[in-house]
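Here we start with a single chain on its own, the form predicted on its own, put down as structure tokens.
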Amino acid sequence: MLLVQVVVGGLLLGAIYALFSSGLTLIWGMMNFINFAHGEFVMLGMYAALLVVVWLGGGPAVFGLAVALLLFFLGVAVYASLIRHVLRGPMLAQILSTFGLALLLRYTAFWIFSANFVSLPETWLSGSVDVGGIWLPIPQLIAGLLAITLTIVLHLLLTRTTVGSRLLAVSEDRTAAMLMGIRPDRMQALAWGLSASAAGIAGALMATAYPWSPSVGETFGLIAFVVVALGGFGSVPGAMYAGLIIGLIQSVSAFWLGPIYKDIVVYALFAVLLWLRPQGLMGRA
């Protein structure tokens, strides 16, 4: 029964991995652009949730909406002020721009919040619940289920709506999309807003269950790249499946081998899988 609880906990954690990684894969699939600051967007979502709770006394519903809106506008602002100016430039300029943005956001957070670990005050999500004989922490349960739901909603937005069709049209052929009356800059700004919003919501969900510090963005950024590469660059369903797999592997390996070995197992299996299937689970060769 304990192993089943570990498995369920790993899947719930993997669902959050899938949510913030889906934003990264959206940017790659649409622009072939690598955002090295994606982990810092997750970190900002955690601190934004903390500030809403401390300053406004808002619960999870309040800080979830606030984080989604705040990170959406931040993503749009980052695109307008930085990304669109380097998008047509050399790859090195693209890499250094988001790497520099990551450092700026990280050390600004150090300056404002210090390097100490913090956690959210208790909310109505605190406690555990018995699900079929398995005791699960309510924060992880709600966060995991909500993360899966939001990832599916993002996929449906891209594949079943007019806005999604325009986003995909720009990703396929920018020039042809312009001839059809679509404004690529507007669609790409929207993509950055959605990407940052997904990362921020995932961070807020993680904040309900785990303590963090400004350096947590490094860890989440690395996990996001592993999830996106494993699932297939540009595939939101691939990111969802890969996130669940990595969360499961981390939890089970930590249970059997010890917490210090969980990342070793993940990255070793990741390297083997990419050697066998370089395009990832659902990517195109």
Partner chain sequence: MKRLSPTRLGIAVFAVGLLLYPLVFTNPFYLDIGVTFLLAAISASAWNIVGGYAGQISVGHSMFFGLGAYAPLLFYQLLGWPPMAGIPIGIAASVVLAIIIGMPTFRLTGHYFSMATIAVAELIRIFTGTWDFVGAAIGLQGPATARGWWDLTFRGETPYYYIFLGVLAALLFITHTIERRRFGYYLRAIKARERAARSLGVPVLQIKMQALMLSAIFTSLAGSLYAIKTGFIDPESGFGILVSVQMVIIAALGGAGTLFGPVFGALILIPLQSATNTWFGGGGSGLTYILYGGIIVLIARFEPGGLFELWHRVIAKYRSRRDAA
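Numbering follows the first chain given and starts at 1. Not measured: the values here are computed from a predicted model. Between two forms, the rigid core is defined as the largest C-alpha subset superposing within 1.5 Å.
What follows is about the form predicted together with its partner chain, which we do not show.
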According to a 4.5 angstroms non-hydrogen atom cut-off, is Thr175 in contact with its partner chain in the model of the complex? no
Consider Ser128 of the chain shown here, and say whether it contacts its partner chain in the model of the complex, taking contact as heavy atoms within 4.5 Å. no
Do Leu156 and its partner chain come within 4.5 Å of each other in the model of the complex, heavy atoms counted? no
Look up in the model of the complex whether Pro90 has a non-hydrogen atom within 4.5 angstroms of its partner chain, and give yes or no. yes
Among 158-166, 138-146, 101-109, 189-197, which stretch has residues with heavy atoms no more than 4.5 Å from its partner chain in the model of the complex? 101-109
State the residue from Val252, Val54, Leu222, Leu65 whose non-hydrogen atoms include one within 4.5 Å of its partner chain in the model of the complex. Leu222
Pick from Leu96, Ile152, Val118, Ala77: which residue has any heavy atom within 4.5 angstroms of its partner chain in the model of the complex? Leu96
Does Val265 move its CA by 2 angstroms or more between this form and the one not shown when the core is aligned? yes
